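Taking the form predicted alone, here's one chain by itself in C-alpha cells.
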C-alpha cells in the first residue's frame, strides 16, 4: 500500500472475493451523496448456527488516509492466517467480520483531487444555504447531540441539519441497527493521536460497562505497545475532546457492548499526512490492538466467562504518563 496513487477500493474488494471465494462476499448497503455505492466485505466461514459479528469501518473522515490502509491490512491478515491459525479460524466460524474499507467515499476521492483538497474531512453534501459543502459524518449519528458539534456548515465539525441527515450515516444506521443483537464489537478507525477512545463523548453520560471497556482498551494498548513500542492513550472522549453524534457512541447506545474509536499514528508531527514508511508499522501495531479487543469479545461470548487478565494492565499504562492530546480528529 502506498499513497502515491489512488487505490480503487471496489477493485481491491473484488480481488479479495476472487482470492478467497469461500469466505469473502461483497455486501452493498447504501449510497453516498454523489451516488457511489457503499460496500463492505463480509468475511466468515459457513456455519449452521446463527453467527455473531464484528463491525469495522475506515475512512469516515476523508483526510485520514492511514485508516483505509489499515482496513486493507486487517482483511489480508485474517484471510492469510485463518487456515493455519486455529484461533482465527474459530472466530471466523463463530462470527462474521463486516469491514467497510472506505465509508466516506465522496470525501476520500475529493481528498485525492489535488494539494488544495488533501485535508478535506467531511462528506460532499451541500449545506443548507448552498454556499458550503460537507457534513462531519462522525457528528451526524443520533447520539447525545449537543456538545463538540457545530451548526455552521463551514466548520469541520458541522453536524448536519439533523441527526442522520446524511446518506452515509443512514446506511450504517440501517445496516448495523438491523443486526445490533448479533454485533459484539464496533470498531471505527481514524487518525491521528495514538488514542483508543471508549464511549461516551458527552461528559454527562457514561457507558454502563465503562470499567470493562477501559480494562479491555488498556490491554489492547499494551498489545499495541508490544509491537513497535508506540504508546496509545486510552480513555473517554471528554478526557481528550468532548463530542457527540459519533458512530461509536451511537453503536454503544444500540446495545453493542464493545465500541471503540482507534486514532492511529502519529501524535502530530506529520498528523494526517503520515509518511508512507509508517504505513506498515502503524497497521501492524493497530492489528495487535484490534485483535485483542475482538478476541476478548469472542471469548467472553463463546466461553461464557470474562477474560480477566486485562485488569492487570491498568497500573502499567496509567503509569506511563502519556500527555493527553487535544485535537479535532475523532
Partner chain sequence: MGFRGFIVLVVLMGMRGSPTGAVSLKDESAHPNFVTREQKDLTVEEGRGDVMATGELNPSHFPARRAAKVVQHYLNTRYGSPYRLFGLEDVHSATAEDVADTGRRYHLQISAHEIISNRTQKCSADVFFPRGEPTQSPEVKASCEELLQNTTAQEEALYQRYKEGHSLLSAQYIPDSQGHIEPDMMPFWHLSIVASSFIMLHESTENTLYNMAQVAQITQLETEREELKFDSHMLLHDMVSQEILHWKLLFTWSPAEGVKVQQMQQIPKPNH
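Note that the structure is a prediction, hence the values are computed from the model and not measured. Numbering follows the first chain given and starts at 1.
One more form of this protein should be noted, the form predicted in complex with its partner chain, which is absent from this view; the next part is about it.
Its partner chain in the model of the complex is not approached by residue 94, whose heavy atoms all lie more than 4.5 angstroms from it. Its partner chain is not drawn, but in the model of the complex it has no heavy atom within 4.5 Å of residue 90. Residue 129 falls outside the set of residues with a heavy atom inside 4.5 Å of its partner chain in the model of the complex. Within this chain, residue 174 is remote from the site of its partner chain in the model of the complex, having no heavy atom within 4.5 Å.
With respect to its partner chain in the model of the complex, the three residues 85, 183 and 292 uniformly fall beyond 4.5 angstroms at the level of their nearest heavy atom. Stretch-level contact check against its partner chain in the model of the complex with heavy atoms at 4.5 Å: of 39-47, 281-289, 264-272, 66-74, the positive one is 264-272. The single contact residue among 226, 154, 80, 170, judged by any heavy atom lying within 4.5 Å of its partner chain in the model of the complex, is 154. Interface residue among 109, 253, 164, 213 relative to its partner chain in the model of the complex, by the heavy atom within 4.5 Å criterion: 253.
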